[in-house]
Each structure stands twice: as C-alpha cells, then as structure tokens.
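One chain comes next, on its own, written out as structure tokens in the form predicted on its own.
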Amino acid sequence: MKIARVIVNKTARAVDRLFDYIVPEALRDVLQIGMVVNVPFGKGNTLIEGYVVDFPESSNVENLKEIASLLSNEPLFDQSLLDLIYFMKKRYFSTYLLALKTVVPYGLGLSTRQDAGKLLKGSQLAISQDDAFDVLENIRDKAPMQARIIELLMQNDFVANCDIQMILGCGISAIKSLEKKGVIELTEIEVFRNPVDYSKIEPTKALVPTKEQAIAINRIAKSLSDFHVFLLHGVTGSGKTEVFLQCIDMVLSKGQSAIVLVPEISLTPQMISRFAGRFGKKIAVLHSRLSLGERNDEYKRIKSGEAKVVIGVRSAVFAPVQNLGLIVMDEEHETSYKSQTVPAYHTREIAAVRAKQSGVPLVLASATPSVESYYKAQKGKYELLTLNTRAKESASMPNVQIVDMRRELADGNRSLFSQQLANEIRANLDAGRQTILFLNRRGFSTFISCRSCGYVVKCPRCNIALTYHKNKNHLTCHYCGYTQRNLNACPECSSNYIKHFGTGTQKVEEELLALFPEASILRMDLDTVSAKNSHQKILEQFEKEKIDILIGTQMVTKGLDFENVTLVGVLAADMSLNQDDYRANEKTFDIITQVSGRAGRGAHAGRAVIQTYMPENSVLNLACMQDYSAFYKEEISLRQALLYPPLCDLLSIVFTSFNENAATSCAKQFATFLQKEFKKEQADILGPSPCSFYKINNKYRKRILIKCKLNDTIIRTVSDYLARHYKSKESKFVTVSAETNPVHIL
C-alpha cells in the first residue's frame, strides 16, 4: 500500500497538520511531490484539494481514506520550494496552507481559472459618487461586504472581479447582487499578455566599469559557484545596477538563471528597460499589477527555462527558476520587502535560504543599507563591497541644504514652500531643468477638525482621522477604506467652522499651481497610480515631455534616474522622525538620502533643499552629508542601549477582537503563560499594551513584544500556544497573530 501525505485546502488553524491518504492503484506510478489531488475530508467526505508533500512508508492513522482523483498533470512545486514551505511555517508561525499559497502565487495552479482571450472581466460604479454615498449609508449594516465593494470601486475606476474577490475575500454573488441593484456595472478591459513592450526597448551593451565597479564585479564573479552573501553599499548614482548586469551576464554564459528583486512596483519600469535592453526576451517580470493571465504566462516561461532572468517584487523570490545561479536584492533596506500578512516573511531571509539551497551568491545592494545588514557586514557574516563615487564622471553628489521652517514662520511665510525652495524651483523653471518634490503623505489634508468645539472627523471603524481628498471631495480612511462625504458642518455642534489641517500631495499640487501657473506638474502617489501601468505612464510622461515638476510620496525617493532632474525638495523632512517606532531614525535617514540622490545624475549639478522644523537633528544633518558610516555608528549605539534589533530579535504578538475586554483578557493570559515558560530563556516580555493604532476596522488590538534571541524553544512555545488557542472556544472571539522582527510596530 502506497501512502501520500498532503496539505489540505482548509484555512482553519484547527486542522493545520498533514493528512495521510492511500494512493489508488492508477496513480501509484504517476503521483509526485507538488501535485494537486482531490481528497475526501471530514465526516461527510467532502471532496477538497490536497497538495502532495511526502510518501511515508507507514501511517499511524487507521482506516485511511483514498485519494479520489488527480487534479494537476505537473507538480506545482519541487522539493526545494517544499523546504521553503516548511521553513516559513516554522519561522513565521504560519499554517502549512498559507505558507504553500505564498510560495505558489495566487492563481497559478491553485485555480483552474484563465483569462478569457484578451479580455479581463471587472466592475466599475454605474452611479455617481454622491449616489454611491447614499447607497453606502443604507447597506453598511445590512450588507457589509457589498459596502466594502462599493468603497473599493469609489477609490478605483476599474477593478478586476478576481481582484475584488482576492482583496476582500468575497464571493461573486456579492458582486452580482450590486449589479442587479444597478449600483455597479460589469465590464471588460483588454489584457496584454506580455508585460514588456520590446518594440520600445533599444538593445544596449555592457559599459566599461569604473575601478570600484570592476573590483565588485570580480569579487562576486569568484563566488558564483558558492553560497556567499555580499552587501554592495554604493552611493546614489554609483552604478550598482551595472554591477548586477555584468554579473548576470556571467551567470547566463554558464547556462544558469538569476532572480533580481526590487522593492516596489514604481521601481520596475526603468529597471525593466535596462534589463530588457541587455538581455532581451530572456527576462520575465513578476509583480502584483500583472493580470492572472500575464502572471501565468511569465510563470510558465520561467518554469520551462525560457526566461533566464526574473525581475520582480517581493513574491518573485519564490520564482521556479531553472538552474539558479545568482540572486540580487536591490534597495535591500526597503520595508516593503517584509510581508504584512501571514506568513509575515522577510524577502532577505527567504533569498538567503534559496541561495544556500542552490549554493549560489546573494547580493544585497543599497545606498542606505539596513542597520541589520550593515551590522552583519561589520561582524563578518556578510562581505562588504563599496562604491563611494558616482559612475558618471560628470555627475557629482548633490549640494544639500537644510532650511529652518521656524524662521520662515517668524518671517511671516505660511506657505508650504520656504523662500529658498521657491527660488530654487523658479531657477529650475527658467533653466529648463526638472524638479522632484517629496512629501510622504497623499490626499489634500491630513485631518478635518471643528475650530468651534475641537471635534476631529474620524473613521468609525478605526478611530483614526479621515483624510480629505479634494479631487473627489470625500473623506477616506487609509487603513480600512471607509469613505464618506465631505462635511460642511460639525456633526457635534453644527458649527460651520470646519477646517482642513495638515498637508497632502494634492494640496502641494494646488499651491504649486498658484505659485507657478506656467509650470507643468505631475503627481505620483497611490491615488494616481491605481490604474494598470499608470506608474510607468507617469514616469514616461515626466521624462519624454520634460514635465517641470513631479510631486510624489515614497515612490519618487529611489530607483529613478533622470538626467534633467537637478533639484529635489523635501517638504516635511521630520515627519517620519516622530513615528512611534524604534526604526524612525533609520527610515528618516533612508528617505532623505535616497530622495536627495535623485538630483544631479546627469551633466548638470544637483541641489536638494530639506525643509524641517528640527534643523539641529543629527539624523537629518548626516543624511544631508550622505554620511552613512557616521549615522550607523550613532544608530547602533542607540540600539545597543535600548536592546533592539539587530542586537536581539523582536517578536510581536497581537490580539485582535471586536470585543475589547476579550482581547485584553486573552493577552494577559498569554503574558502570564510566557513569564512562566521563559524563566530559563533570555527574554524580555513587554506588555500587553494597546497597539499604536488601537482600533482598526472595528477591531480592538492588544500587543505583547518579546525581546529575545529566537531559538527552537521560543518558536515551539509560541507555536504550541497558537495551536491550542485555535482549538479553544476563545478563538471565535479573539484572533492571535505572531510576527518576527516586524518593520512596523503600529
């Protein structure tokens, strides 16, 4: 009797284990690890999908059931990806199923759905925004899922139905119900099955490397057959990408493949162009903006070996490349490399596991390395390679100046722009040069308050101030998507003294147009890049049409290389310094350094103007000097004093419930349990305490933080508790999640 061990397609943690089934005679010579099967499950023997992970010689279970049928002709994953699944389940306190569905991308093999021809079915509002508000008010309580769909469509002109279902976890029936009511209409858009338009790509050849680049290339080349982690620390514009390209060239000459990771979608257009110009149709692109059809096509090209160079965001680390020879992780410091959903993995850790499996090097690159990576380089765990000068002889580092906004106020300037920044923008306009302005907040105003009684308009689900969006004249919660009409009177005292406070990118755009009515302006934030390929169109328009000014959030701080950009302005440099996060200094240094580095990358000298109310702050001053070494010494001393990563691991356990008392009680019980269990461990247990954002989407949140060195005992103790919790009655009221080394403590 042959036995197959499978992961069943059931999300409940109560059944998070492997199940044994008898392999029928007809499948004994066919079935392989990674294949999808239909298996009977539960008392009613309901047929569900199962994923084969092992063939044990025997089973401890009596009266085994038999596999019903085979659902896939080819395996979804091989042994190396299965090892990743096991690693992620343990390391990130995940279930088998969630780890598997993370490794095997959504819609690839786990579903039989295919895009119909070249058209993708989706939905859009069939009524006005005002009418949509009326519908929302009537159905929020009666049909909450339909309300969420309306909110999603109010913020996006078109959303694919498959994406609505994936994002909100709803069925097609909720979409159909809204269609019958005439609230939304179903439509189709054309799907372009090739994410790269090669007709617009001009072939390029390798550049002659600088002396520093040549040293880095030669050192990496010597390790192409061994597992080795390099940290490539190069100033902005130092030519790190050319180092990648030449190393990948060597990998391809050996018949091997490479994975190149970038932190977010806004970085990919220029990166894709450079890689497509060098390697042509050997590249494959993987990111979240691809349709399922496009993703399937790229996935097949990678798996077949047709595509040799995979370029993509976080999930591309799981690409099923053939004969892996090198992994590159660009902008390795970026927090978007950390997943925020279970399993909350860090791409850097997964990339290291994959590189070690294949015995190949991993290259981490950044102008502002993460403190964790630089610490490992200082300790000899990573090998440090440095590029201290810009690659182009004509390009020098920008001249960076700090402007004290307190003096501007004292001088009567209440504008968003200091006199110096306004003068610099005017000089750039007169010279025909381009400017990038950075503000890390979208929308028009941060919050709306009544000047009569002090009432602040907040999200009823999250107790967080709603953001005003002037273009659609509505208020939106950026945490749960709640949307409502703008207010003309205070709901508390009926006063008309309602005022918009704070600044967003929309407000910056409006004031710029008032100051410089002749200027052409583009805005790049989540509100303007929601449509497919919109980020790429904005960047192409900025470059080709020589648009005068680009306003943006973090999307404009890195990865952009425009020769005509000679001025960068940072409008609120100290905004990130005041976050409730031990990484606040690091994030601020990264942002200022990266965005300043967008200026002066061509033949003309670059300048950056940093506006702040804290000009004496050492982090801002070190960022202006682009002095990473001095910043690191200061920051690591602070981390040592407070005992934060990389000096320890940080384990965050969050308790979430609609019932505030239930969340508090469960958190206290677990804290008491941990104090007893960890007496012999070097672990500092903090809390429970309210999360920084205590209420999100009507759910209350309590948190325990554990400072420790993660080991098998700590991981097993927390995992066992989670398993017991989800088998208890309490699990119906309280959700518990554990995350290792979170990049956001909110």
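Please read all numbers here as calculations on a predicted model, not as lab measurements. From 1 onward, residues are counted along the sequence shown.
Same protein, other form: the form predicted in complex with ligand ADP, not shown, and the subject of what follows.
Please tell me which of Val262, Leu324, Ala391, Cys624 lies within 4.5 Å of ligand ADP in the predicted bound form, judged by heavy atoms.
The residue from Val262, Leu324, Ala391, Cys624 that makes the contact is Ala391.
Name the residue from Thr656, Ser123, Thr95, Thr241 that puts a heavy atom within 4.5 Å of ligand ADP in the predicted bound form.
Result of the distance check: Thr241.
At 4.5 Å between heavy atoms, is Gln213 in contact with ligand ADP in the predicted bound form?
Looking in the predicted bound form, residue contacts with ligand ADP include Gln213, since a heavy atom lies within 4.5 Å.
Contact with ligand ADP in the predicted bound form for Gly237, defined as at least one heavy atom pair within 4.5 Å: yes or no?
Looking in the predicted bound form, residue contacts with ligand ADP include Gly237, since a heavy atom lies within 4.5 Å.
Even though ligand ADP is not shown here, does His478 get within 4.5 Å of it in the predicted bound form, heavy atoms only?
No, His478 stays farther than 4.5 Å from ligand ADP in the predicted bound form.
Report whether the minimum heavy atom distance between Leu207 and ligand ADP in the predicted bound form is within 4.5 Å.
So Leu207 counts as contacting ligand ADP.
Would you mind picking out the stretch of 296-304, 486-494, 228-236, 378-386 that comes within 4.5 angstroms of ligand ADP in the predicted bound form, counting non-hydrogen atoms?
In short, 228-236.
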